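Just one chain follows, in the form predicted alone, and it is written as structure tokens.
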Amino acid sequence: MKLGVLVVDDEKNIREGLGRALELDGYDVSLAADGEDALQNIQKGTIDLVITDLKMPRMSGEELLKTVAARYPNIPVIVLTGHGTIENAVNAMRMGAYDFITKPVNLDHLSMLVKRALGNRMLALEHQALKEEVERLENKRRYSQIIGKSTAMQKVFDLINQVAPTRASVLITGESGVGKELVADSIHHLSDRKNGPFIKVHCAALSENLLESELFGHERGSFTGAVSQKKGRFELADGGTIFLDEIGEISHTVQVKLLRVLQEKTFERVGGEKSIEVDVRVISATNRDLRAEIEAGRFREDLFYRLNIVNIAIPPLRERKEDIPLLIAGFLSEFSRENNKTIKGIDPKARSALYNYRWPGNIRELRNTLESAVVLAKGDIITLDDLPPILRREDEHGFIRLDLGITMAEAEKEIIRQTLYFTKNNKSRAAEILGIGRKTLHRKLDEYGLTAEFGPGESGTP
């Protein structure tokens, strides 16, 4: 698919000469003699870049620039100017022009400028398309703050929808940073308890005595500092849901009391004798292997089976890399709003670095990385220099990582995806590296569902 460039100049020789030069560079060129003709061309929806003179009859280049900037903010405008009107060109930049070039036009300089402007435009369009896909996926689900379209995450979403309306206890497992708390949020808000309390407890943050008091409450005078009666989290969660994060960290004493709550739905406050009955759904989460903890004698087997009525295992980010572009788009939008910055996209080298990194901290690490990149970005496109040094070093190695245990089809899909990132979505070059024909590459893009991710044509860098 060729990119469309519109040349606007009232001097026939100039607009036709520039048109021929741009056609040789591979663009689909349209010509217009003034601003009004130009707007009619733009309204057809096939123009990706405008090159316009400033001084023209009927509608001047300045008026055209104002209109394009207001109606079509994603279409870059390059201004042509004579040597005596540099001041006008500078004013045009203030009005939103991408850049300006003086007459007589240096065609090599123009070619470079057009290439750069269109590259940025395609990055912005790609980012916008991903943002829209994130919104579409979020709207499709009844409730979820989780972003993902990979097969692995679709299985997670199906499990959430199945288990949410039930009373079953759920154990969410996965590495640190994969989003276990978001899954718990989704289960509660999709359940018939959504109007009841949703109480969260981070078990690893409290000592044994404090955790017992926090969960079950205490009576006045039950220990030093207990100056008044306090309700525990289970009482506060009555009629709703309690989320016990890092459940693998709790002591044997707390495990015994928790088992009783799950079995009998009753407990006593610390220092108390009265049994308190509650109706609470328990969702727990851990990044530990609880079966191994049972073997080591650190976790009760009977408690494990009570907690693990349904297990939802969240895959690490390195095993669902097809979700990374959507996560990038979602986080860039979020942090752009929070920091009052306009980030239009992310360049191919930065995207490749983000894609090839192993993400030991999973989504939490990706989120922090993108928040930092937005804050530190000097322009409206995130570049490799905006990313942490460790990602830049990883990107320099130039190899493809494949995880053990994947199928041949999954390996081929991953090799194609990473090769396209490496070639900045230049499909001819990618096909050449892969040793296959371009038609075969397009067929495999359709087969593996990669067409939406990489688009039908060449990269935004012509």
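Just count from 1 along the sequence shown to find any residue number. Please read these numbers as outputs of a predicted model, since none were measured by experiment.
One more form of this protein should be noted, the form predicted together with a small molecule, which is absent from this view; the next part is about it.
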| query | finding |
| --- | --- |
| Residue among Leu370, Leu354, Val178, Val114 with a heavy atom within 4.5 Å of the small molecule in the model of the complex | Val178 |
| Contact assignment for the small molecule in the model of the complex, among Glu214, Glu249, Asp347, Asp245, heavy atom within 4.5 Å | Asp245 |
| In the model of the complex, Ile276 touching the small molecule (heavy atom, 4.5 Å) | no |
| Residue contact check: Leu182 to the small molecule in the model of the complex, 4.5 Å heavy atom | yes |
| 4.5 angstroms heavy atom contact with the small molecule in the model of the complex for Met153 | yes |
| Contact label in the model of the complex: Ile324 to the small molecule, heavy atom within 4.5 Å | no |
| Partner-facing stretch of 300-308, 255-263, 360-368, 377-385, counted where any non-hydrogen atom is within 4.5 angstroms of the small molecule in the model of the complex | 360-368 |
